[in-house]
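In structure tokens, the next block holds one chain alone, the form predicted on its own.
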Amino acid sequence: MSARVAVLVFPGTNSEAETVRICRDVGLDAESVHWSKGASLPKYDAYVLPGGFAYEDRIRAGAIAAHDPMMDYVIEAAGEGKLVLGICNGAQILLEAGLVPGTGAVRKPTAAFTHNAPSGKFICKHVHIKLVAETSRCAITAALPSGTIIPAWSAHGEGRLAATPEHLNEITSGGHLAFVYAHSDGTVDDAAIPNGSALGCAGLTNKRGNILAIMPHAERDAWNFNHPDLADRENILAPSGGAILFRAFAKALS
């Protein structure tokens, strides 16, 4: 039996459809769960918080959604060891809820994804992210080889990791840095970072390694039709590219 995955829908979420689809394409029993149906969340095996603009990103991106009653269930489930994946706005919510990097109390964030630098404007750009965490560090990425490169789309106004020097040191020393921005060949430098993110951060995990927060949208680069230059045109609907992350997610749940 496939693992049951809830894709949470807050007021303002807008990426749930493609997130549900790629989860299903890699073999998961995924469905979207509306914020009015949060009481059903305990029956699911794992949770995905997709992209969008939950509660219009008022105050800060993800700040209000982090206090939505649905997150009470996610926080409890994460404490029990269930897997949680947050993408873009979902990643912002996880940081605002204090689940990632998880170096402080719940709903007492020690870091945030905030306004892009230097422009402060919304960015829509194709990017690559590189797995820098040890393969055993995060359950969701455990099936990926060290240094795996994943194509994705950055589509955010607040994607820059920001924290105090003390908390940035906690992130690095605690092994919380999961993904960094990179070039397609795996080279890592400042030019690969689209938003000024501290540490070149594109993704973080918690101490236990059952939660992953990534800013770029791997699900928007997840099928052959997202790759017009691909030779395999006969299987245009087949998962590819960013689907590698979701295959690893599915393997972790198996």
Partner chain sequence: MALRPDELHRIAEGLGREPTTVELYAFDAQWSEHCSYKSSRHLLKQLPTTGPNVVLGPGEDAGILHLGEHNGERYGVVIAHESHNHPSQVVPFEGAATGVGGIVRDVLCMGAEVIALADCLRFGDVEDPNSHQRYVAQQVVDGIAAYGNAIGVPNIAGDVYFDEGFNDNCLVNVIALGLVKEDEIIHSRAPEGSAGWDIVLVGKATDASGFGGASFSSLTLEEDNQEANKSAVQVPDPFLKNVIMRATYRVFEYLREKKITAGFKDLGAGGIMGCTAELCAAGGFGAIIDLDDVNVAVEGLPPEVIAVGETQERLCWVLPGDVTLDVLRIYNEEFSLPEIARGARATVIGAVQAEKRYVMRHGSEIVMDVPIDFLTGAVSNELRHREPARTTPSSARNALEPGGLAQALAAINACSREPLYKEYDAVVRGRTVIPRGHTDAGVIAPIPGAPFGVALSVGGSVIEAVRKVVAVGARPIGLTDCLNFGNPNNEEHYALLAGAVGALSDEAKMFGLPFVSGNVSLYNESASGTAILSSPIIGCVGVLDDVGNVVTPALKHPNSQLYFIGTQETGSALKAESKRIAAVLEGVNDGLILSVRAIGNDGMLAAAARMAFASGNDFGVTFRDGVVPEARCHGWLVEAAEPATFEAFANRTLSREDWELVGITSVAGIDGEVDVASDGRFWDLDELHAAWVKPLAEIYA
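Residue numbers count along the first chain shown, from 1. Worth saying up front: this structure is predicted, and the values here are computed from it rather than measured.
The next section is about a form of this same protein that is not shown, the form predicted in complex with the partner chain.
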| query | finding |
| --- | --- |
| R21, heavy atom within 4.5 angstroms of the partner chain in the predicted complex | yes |
| Contact label in the predicted complex: S40 to the partner chain, heavy atom within 4.5 Å | no |
| 4.5 Å heavy atom contact, P239 to the partner chain in the predicted complex | no |
| W223, heavy atom within 4.5 angstroms of the partner chain in the predicted complex | yes |
| The partner chain in the predicted complex: contacting segment from 40-48, 202-210, 55-63, 183-191, heavy atom within 4.5 Å | 55-63 |
| Members of 1-39 lying within 4.5 angstroms of the partner chain, judged by heavy atom, in the predicted complex | P11, G12, T13, N14, S15, E16, A17, E18, R21, H34, W35, S36, K37 |
